[in-house]
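The chain below stands alone and is given in structure tokens; this is the form predicted on its own.
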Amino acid sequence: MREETRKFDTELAVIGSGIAGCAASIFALNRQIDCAQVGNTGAVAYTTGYLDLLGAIEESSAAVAKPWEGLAQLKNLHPDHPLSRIPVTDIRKGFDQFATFLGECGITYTAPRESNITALTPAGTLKKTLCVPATMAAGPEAFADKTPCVIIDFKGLKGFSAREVVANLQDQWPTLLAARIIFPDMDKGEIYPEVMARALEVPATRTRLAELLREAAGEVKVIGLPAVLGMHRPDHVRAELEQLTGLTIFEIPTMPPSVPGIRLREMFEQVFPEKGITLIPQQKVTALSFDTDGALLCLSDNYGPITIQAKAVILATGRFLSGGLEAHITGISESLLDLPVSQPPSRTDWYRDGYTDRRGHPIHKAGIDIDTSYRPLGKNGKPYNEHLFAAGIILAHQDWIRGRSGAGIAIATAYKAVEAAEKFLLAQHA
């Protein structure tokens, strides 16, 4: 039996379900642009939940304390970096809108400030970031004040060790202690953060955990936990545990895939359709073609083939992990349209001799080039198609890992790509 193709029409189609793709959908909502979003699982689940703007500049070994000022230095040293091409006022607008949206949908974040926050990593090291989930905010504050604190982990939990966190921070935070407890009803074998987070959606589990936390804390009034405080209402779960224990509680990210990232992914998948976005998650676009009226996206799911007709498209497919770029013996290619990729001249130039070379590896700056209107360039050096725009870490000339700027690039370029797409759509309607 032949399956009937489901057809959708929209003004803007966003391809990609990472931070850039989700940010683009948010900005489209804010501009009242009819939008559809499709894409693979994306890398959201692999994030710590922190929203970095700029944590480091390649030529400096020091972390960036004031990211907004650091952007000026970045522009001087790397004028082709995606963040160097965007006015600071637009980057601020993007972060403000993105963080506000998350808070309105149930995952509150700290507001962007002038200085970076010194946040904790799963290993007990420190990193600079611009915004953190509200469930994690008390950790950086306790570190800054050197408040007596107990880091708590759980028997059977892999990838997070309270003793490791304390050992790595002891010199800088001498009042830090470690403790291990047994999570309610999970006393045998290995346990997993996602399962623990979903268990804490149940009030009875929160009550039992609160008793264990009070006992482990002793006389200390601040405790840090791996990020397991619920999946869908983390602010509520933390507030209730604080009320039950009388303690100040904060989360620390675990190794990926992490609960804070899964929270974001599941929140987007729930909220976007409620707000009118046509969302087709967990699916890969298999073909993208253009004509004078717009673009045609082809994909399928368990119910059969799907087509989306859109007047404009934003490509936000990420790099290697998300499948936006592919590495081959002959070089690096863009996976959907075979757009030209800015990359080292040969495969032998991808990596430097030393793995930890401070200059980084050239492959990490591979990506597609765009014009001033965020249109990807084709092989002739001109925009590939007037209906196509791009955003996120698929863009060339940036090493987001070393720059600790992944969310910043994703949010800021998504903001500009949607802005450019809106101008194009308005011109088409005129």
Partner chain sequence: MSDTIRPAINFKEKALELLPEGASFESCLTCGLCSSGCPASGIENMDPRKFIRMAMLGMDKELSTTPWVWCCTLCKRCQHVCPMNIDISQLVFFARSNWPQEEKPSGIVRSCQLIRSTDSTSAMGLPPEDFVFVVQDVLEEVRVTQPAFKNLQAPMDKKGAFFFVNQNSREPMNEPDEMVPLWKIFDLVGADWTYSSKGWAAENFCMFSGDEEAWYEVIKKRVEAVKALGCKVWLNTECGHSYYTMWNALHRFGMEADFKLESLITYYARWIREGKLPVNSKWNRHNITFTVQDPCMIVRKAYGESIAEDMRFVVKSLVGEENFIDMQPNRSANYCCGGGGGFLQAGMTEHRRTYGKRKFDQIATTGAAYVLTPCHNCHSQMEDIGHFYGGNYGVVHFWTLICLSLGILGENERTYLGPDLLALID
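Positions refer to the first chain, counted from 1. Keep in mind that this is a model prediction, so the values were computed, not measured.
What follows is about the form predicted in complex with its partner chain, which we do not show.
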The single option of Ala45, Leu377, Ile33, Ala56 touching its partner chain in the predicted bound form, heavy atom within 4.5 Å: Ala45
Name the single residue among Cys298, Leu321, Ala72, Leu244 that comes within 4.5 Å of its partner chain in the predicted bound form, judging by heavy atoms. Leu321
Counting only non-hydrogen atoms and a 4.5 Å threshold, tell me whether Tyr192, Glu266 and Asn302 all contact its partner chain in the predicted bound form. yes
Does Glu201 reach its partner chain in the predicted bound form, with heavy atoms at most 4.5 Å apart? yes
According to a 4.5 angstroms non-hydrogen atom cut-off, is Pro340 in contact with its partner chain in the predicted bound form? no
Proximity of Leu212 to its partner chain in the predicted bound form, heavy atoms at 4.5 Å: no
Whether Arg359 contacts its partner chain in the predicted bound form should be assessed with a 4.5 Å heavy atom distance threshold; does it? no
Within 4.5 Å, heavy atoms only, one stretch in 104 to 112, 148 to 156, 328 to 336, 302 to 310 touches its partner chain in the predicted bound form. Which? 302 to 310
Which residues, if any, of 246 to 261 lie within 4.5 Å of its partner chain in the predicted bound form when only heavy atoms count? Pro256, Pro257
